[in-house]
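Here you get one chain, nothing else, as structure tokens; it is the form predicted on its own.
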Amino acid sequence: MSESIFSLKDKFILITGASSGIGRQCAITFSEYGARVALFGRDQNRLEETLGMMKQPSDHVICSVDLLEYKQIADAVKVVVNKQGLIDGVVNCAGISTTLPLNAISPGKMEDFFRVNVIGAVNLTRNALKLAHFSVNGGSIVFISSVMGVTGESGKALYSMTKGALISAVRSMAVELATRRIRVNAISPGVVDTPMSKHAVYRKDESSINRIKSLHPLGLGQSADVANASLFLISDAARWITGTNLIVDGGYSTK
């Protein structure tokens, strides 16, 4: 465990989407830096797999719950706080993605994406931030957004609008929560090689994959790249950073 300014020793961090991808890697990395972690996700078996990859598994707690079951989320947050103590940070990794042309987007599809990518994340954070749940010493909230929230790409209107909403919400939450010494930031990754990305449209053939790679001067990202950025924003090393959107995209947005 690191004893540097990036140490998370004695901190209790709640991570959503911890069953795979970026959320799983955040859980693993945070445990290596001393945090106690609450792993939120829908799949109990995959959460247990994540737990088995973490340092000191007995220090952490699993919570199998759907973020769209709002009452269950309120109860789940209360349960993990009773088990582990007050929350010091939250990393919102759960989300869904797609590539669809504008004429294929329906009101129902828009509602589904906003429920998962925006409402679910903000509602969980709202519950975590209750005075009875969150540390009186302040802490840090991170939302995993996307570079698609700040740049344009054909077929990404649906995904982009939800990720852009998170970035906008972060700014207002940062101002509102500053008096409690709670920092709120977003991270906007480019294309990261995760289980979710393996089902993306650009994976359909070699030429599509090569086109996406060419848009990232440093190549495609790995989950660890985003987990490391999350570690920074959660740690005391970022104590004077709030309301920002940290772009971690291998140079995608420079093109």
Ligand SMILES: NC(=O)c1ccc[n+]([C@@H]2O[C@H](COP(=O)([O-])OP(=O)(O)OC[C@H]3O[C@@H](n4cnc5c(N)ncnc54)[C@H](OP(=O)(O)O)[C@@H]3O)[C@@H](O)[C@H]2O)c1
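For every residue, the number given is its place in the sequence shown, counted from 1. Here the structure is a predicted model, which means the values were calculated and not measured.
FYI, the form predicted together with the ligand isn't displayed, but the following is about it.
S.K.: Could you confirm whether V65 comes within 4.5 Å of the ligand in the model of the complex, counting heavy atoms only?
M.R.: Taking the distances in the model of the complex, the answer for V65 is yes, it comes within 4.5 Å of the ligand.
S.K.: Answer yes if any heavy atom of F134 is within 4.5 Å of a heavy atom of the ligand in the model of the complex; otherwise answer no.
M.R.: Outside the cut-off, so no.
S.K.: Do V142 and the ligand come within 4.5 Å of each other in the model of the complex, heavy atoms counted?
M.R.: Residue-level check for V142: no, no contact with the ligand.
S.K.: Given that the partner is absent here, does K55 sit within 4.5 Å of the ligand in the model of the complex, heavy atoms only?
M.R.: Contact check for K55: no, nothing within 4.5 Å of the ligand in the model of the complex.
S.K.: Counting any heavy atom within 4.5 Å as contact, can you tell me which stretch out of 174-182, 126-134, 86-94, 99-107 lines the ligand in the model of the complex?
M.R.: Of the options, only 86-94 has residues within 4.5 Å of the partner.
S.K.: Could you spot which one of D59, D205, D43, E49 gets a heavy atom to within 4.5 Å of the ligand in the model of the complex?
M.R.: Exactly one residue meets the criterion: D43.
S.K.: At 4.5 Å, heavy atom to heavy atom, what parts of 150-189 sit next to the ligand in the model of the complex? List them in sequence order, or say none.
M.R.: Stretch hits, in order: Y159, K163, P189.
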